[in-house]
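In structure tokens, the next block holds one chain alone, the form predicted alone.
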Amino acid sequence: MLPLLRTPVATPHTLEEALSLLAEPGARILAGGTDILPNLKRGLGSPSTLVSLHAVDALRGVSVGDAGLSIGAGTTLTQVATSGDVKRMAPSLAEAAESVASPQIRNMATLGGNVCLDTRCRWVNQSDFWRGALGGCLKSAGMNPEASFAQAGVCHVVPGGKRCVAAISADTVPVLIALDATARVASASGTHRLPLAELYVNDGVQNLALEPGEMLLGVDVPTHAGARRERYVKWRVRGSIDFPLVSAALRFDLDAGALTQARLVVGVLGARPKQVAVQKVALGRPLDQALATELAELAHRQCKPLENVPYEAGHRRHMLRVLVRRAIEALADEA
């Protein structure tokens, strides 16, 4: 059992208090703690203060308004998965939330924590001792610049690479991007909104486009009035607990049986999800077997996994093609 280093924990009760504490240099958010605490035990980061959000009620809850579905960042994944409003308006999001880890973890983990989940890599999500034997890497150096083993410029996945390729493995993120969700972000100086896809940058060390002191308040999913088919699929070695080794979110809007919108977003490739270009192929066509085969081939052609998470990259790429084809076939049967 790896010990957790002594770190001060602050427990604000209001959003204003939380943002004020988060503005302090080195402060980090503690929501459910299911990701950050294991990482801190591995020596991935050394925050000056952990700002616990468990007492900030304003960050929790699911509501429906004229603009659509609104979910607070502090809402647990269990609450997202079991919400009648989420199941009705964004069933693939409920699917994704329910697929995370185990019931015990989903009872603690929050939607905001999943959206802001740290990137993972087989070479960095190890103990400090294990990483030290390899001389560190781009991500461990970036997170712990004082560490004696850190050697900036070393990547064990892409030799000579200058950008960390640790992968985003959050289940809800591809779904939210496919559904055109918006992120609500706040700091002590104010709030703003941005498309969820723009919350991520292509850098595994820090893949969130959040400034120091900024915090995710929640996500909004717009209302869709017409016919829609959506699904989330992933492949992992075990049916629970494990992080996905490849994942895909699919969304198809139809009018009179013909596609008017098509989204295919793939996760666990790099630091941000990959939006596969499927619009030109899909628009105006029916959701059928032929389209399932074509879009699966497009995903296979456009997505090239790296050896950044366990299991062979080639097999993960093959599994992506299989997952996408089967998911679209199942949606075609429903349609």
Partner chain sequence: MTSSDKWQLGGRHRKLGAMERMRGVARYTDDLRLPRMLHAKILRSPHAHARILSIDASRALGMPGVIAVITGSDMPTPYGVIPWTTDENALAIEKALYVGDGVACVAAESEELALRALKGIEVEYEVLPAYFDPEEALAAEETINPYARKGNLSKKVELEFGDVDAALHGAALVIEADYEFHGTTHGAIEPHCALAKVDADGLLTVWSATQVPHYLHRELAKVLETPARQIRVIQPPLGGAFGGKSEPFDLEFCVAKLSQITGRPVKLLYTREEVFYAHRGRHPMKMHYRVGFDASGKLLAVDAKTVLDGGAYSSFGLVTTYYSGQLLCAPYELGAYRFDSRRAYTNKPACGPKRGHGSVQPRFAMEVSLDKAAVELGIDPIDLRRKNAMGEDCLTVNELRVGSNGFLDCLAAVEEASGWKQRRAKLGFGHGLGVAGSTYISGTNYCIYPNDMPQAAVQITLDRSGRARIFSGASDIGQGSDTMLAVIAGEELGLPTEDIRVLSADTDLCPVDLGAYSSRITLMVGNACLEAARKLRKKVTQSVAKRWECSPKQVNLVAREAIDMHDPERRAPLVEAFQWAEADHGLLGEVGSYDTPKDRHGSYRGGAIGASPAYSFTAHVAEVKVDAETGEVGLVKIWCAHDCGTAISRGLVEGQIEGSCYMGAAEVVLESHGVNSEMGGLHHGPSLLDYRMPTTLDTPEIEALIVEAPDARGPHGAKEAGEGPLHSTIPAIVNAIYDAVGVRVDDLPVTPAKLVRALAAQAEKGGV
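Residue numbers count along the first chain shown, from 1. Remember, it's a predicted structure, so these values are computed and weren't measured experimentally.
Another form, the form predicted together with its partner chain, is not on view; read the next lines as being about it.
Participant: Wondering, does Ser189 line up within 4.5 Å of its partner chain in the predicted bound form on heavy atoms?
Facilitator: Answer no; every heavy atom of Ser189 is more than 4.5 Å from its partner chain in the predicted bound form.
Participant: Within a 4.5 Å heavy atom cut-off, is Gly239 in contact with its partner chain in the predicted bound form?
Facilitator: The answer is yes: Gly239 has a heavy atom within 4.5 Å of its partner chain.
Participant: Using the partner position in the predicted bound form, report whether Pro310 sits within 4.5 Å of its partner chain, counting heavy atoms only.
Facilitator: Yes - in the predicted bound form, heavy atoms of Pro310 and its partner chain come within 4.5 Å of each other.
Participant: In the predicted bound form, does Arg317 have a heavy atom within 4.5 Å of its partner chain?
Facilitator: Arg317 lies outside the contact set for its partner chain.
Participant: Verify the flagged residues Ser70, Phe252 and Ala277 against its partner chain in the predicted bound form: is each one within 4.5 Å by a non-hydrogen atom?
Facilitator: Checked in the predicted bound form: no contact with its partner chain for any of the three.
Participant: Please identify, from 196-204, 169-177, 119-127, 261-269, the stretch that has a heavy atom within 4.5 Å of its partner chain in the predicted bound form.
Facilitator: Selected range: 119-127.
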